[in-house]
Structure formats: structure tokens, C-alpha cells
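Coming up is one lone chain in C-alpha cells, specifically the form predicted alone.
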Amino acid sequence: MQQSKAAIESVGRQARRFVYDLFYAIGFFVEIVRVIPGYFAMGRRRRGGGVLVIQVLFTGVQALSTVAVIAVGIGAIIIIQGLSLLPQFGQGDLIYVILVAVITRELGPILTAFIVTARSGTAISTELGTMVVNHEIEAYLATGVNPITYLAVPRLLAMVVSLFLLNVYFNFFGLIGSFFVTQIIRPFSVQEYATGIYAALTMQDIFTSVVKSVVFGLIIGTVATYHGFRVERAATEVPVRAIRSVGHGIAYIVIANALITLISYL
């Protein structure tokens, strides 16, 4: 009985902490949005434009190889399995609808978001947490610089830009690159493939994919910077916050993905 009570209390504490962090992060996001105009109003030197560029390079460019391999692999598997199974039921043309729905609508945005969360989300939380421990944030405040404007805004913007570009890259390799891989195993004409993809792809698919990539970028950037700034004094808090950043980021991404998908089909 005591163990059951302790387990319920533990679950309750975790749920309360999750909700508390969620609302605190929402307030933090509102503050970031509020100071974005101030970031662009600053001179190029003062706002540290290099931070934005470096973050895009690290988040986007350095993840291209990983995204390409995953996209080609998943696209090739869908095509091979679809061409093997669907014609048996007289539904061979559905392969293109399935490919677009899986790659463009779902896996493109969410898998790139997971990759970026694991790579860049932890890096941002760790970097900002280390700055807090080393009293660098206090130095910004002492010189009259808002650390949210100077540190959080460029990282949030870089996340949105990187997620959008990686999503486009994932779709290209998932829809185009996988075709060349399947030619080795089960050849079929380029014209047939291009016609099928063009017929299956709609503006709603593209719009949904873009919205997801932008929303996921905002979530990752907000959660990563939030947990980085939440570090207080001890260096041991840094890895803890980095782990929570990944966990919370993935949870919010899954929830947002479900909501956007539901809305898109209404």
C-alpha cells in the first residue's frame, strides 16, 4: 500500500513539474518573441550576427549527411515494400500517396526535429548552462545587455531556419534520392515515378510540412534555451538540464505534430 502511494505521489510530482515547466517555457517564449524586434534593431556588431550564422551551420549544414542517409533509407523501404505488396490488391498507384503522406507530411518534419533536438538542443542547453555557471550571464546583465536578446533570439531563429531547410532536404532525398536506390533492386521508369509523385503531392501536403518544421523549430529553440538558462549554480545541473531539454522537446514535438496533423485533416 505504501509503495503504491509513493508511486502515485511520484507520478503526480512528475506531472506537476511537467506542467509547470510547460507554462514557464510558454512565458519564456513570449518574452523571446517580445525582444525579437529589439534584436534586429541592434547594430550588426552588437547583435552578434555571427552567432546566428554559426548556429545555422552547426544545426543545419552539419546534420545534412545524417538526414540524407535516413531520408534515402526510409524512402527506399517505402517504395520497395509498396511495390511488392500493393499490386497484389490492385492498388499499385497508392504507393505515391503513401510516400508523400509519410515522407512529406509526417516523417520529414518530425525526424529532422528529433535529430536536431538530440544534436543541437542538447548543445544549446549545455552551452547556456555552462555560461550561467561561469557567471557570463551576470556579465551580460552588468554591461546592460539583455541575455535573452543576445543569446536566446539568434538560437531560436537559427533553429527555425535550420529545421525548414533540413525538412526540404529530407523531402528531396526521401522522394528523389530513394528513387535511384530502388532502381538497383526494382527498376521502373522515371516518367512513371515523377507523374505519380506530382499527382499525389498537393499544396496542403507542402503547407502542412512547412508549418510543422517552423513550429518544431520554435519548440526546440525555446525548450533548449529555457533549460540552459534554468541552470542555477552547480556544474552538475548542466547535464541534467540537457537531458530534460531532450525529453521535454521530444514530448512537445509529438504533441504539436498530433495537433497539426489533426487540424490539417479537419
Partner chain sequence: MREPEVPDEQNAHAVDTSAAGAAPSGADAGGEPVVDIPVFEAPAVELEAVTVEFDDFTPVVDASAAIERGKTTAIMGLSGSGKSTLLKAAAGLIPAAAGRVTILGVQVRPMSDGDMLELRRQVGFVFQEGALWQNMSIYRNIELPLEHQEPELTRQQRRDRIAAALAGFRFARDLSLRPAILSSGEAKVISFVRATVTRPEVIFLDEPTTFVDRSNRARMVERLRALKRDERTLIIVTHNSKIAAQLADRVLVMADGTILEHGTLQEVAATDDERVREVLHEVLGDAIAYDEDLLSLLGSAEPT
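Numbering follows the first chain given and starts at 1. From a predicted model like this one, the values you see are computed outputs, not experimental measurements.
Here the subject shifts to the form predicted together with its partner chain, a form of this protein not shown in this document.
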Heavy atom within 4.5 Å of its partner chain in the predicted bound form - the one residue of V35, V56, I70, L64 that qualifies: V35
Can you pick the one in V190, A139, L85, I184 that has a heavy atom within 4.5 Å of its partner chain in the predicted bound form? A139
State yes or no: in the predicted bound form, is some non-hydrogen atom of T195 no more than 4.5 angstroms from a non-hydrogen atom of its partner chain? no
Do L94 and its partner chain share at least one heavy atom pair within 4.5 Å in the predicted bound form? no
Report whether the minimum heavy atom distance between L201 and its partner chain in the predicted bound form is within 4.5 Å. no
Does any part of Y150 reach within 4.5 Å of its partner chain in the predicted bound form? Heavy atoms only, please. yes
With its partner chain left out here, work out from 96-104, 127-135, 75-83, 169-177 which stretch has heavy atoms within 4.5 Å of it in the predicted bound form. 127-135
Applying a 4.5 angstroms cut-off on non-hydrogen atoms, the residues of 227-252 near its partner chain in the predicted bound form are E232, R233
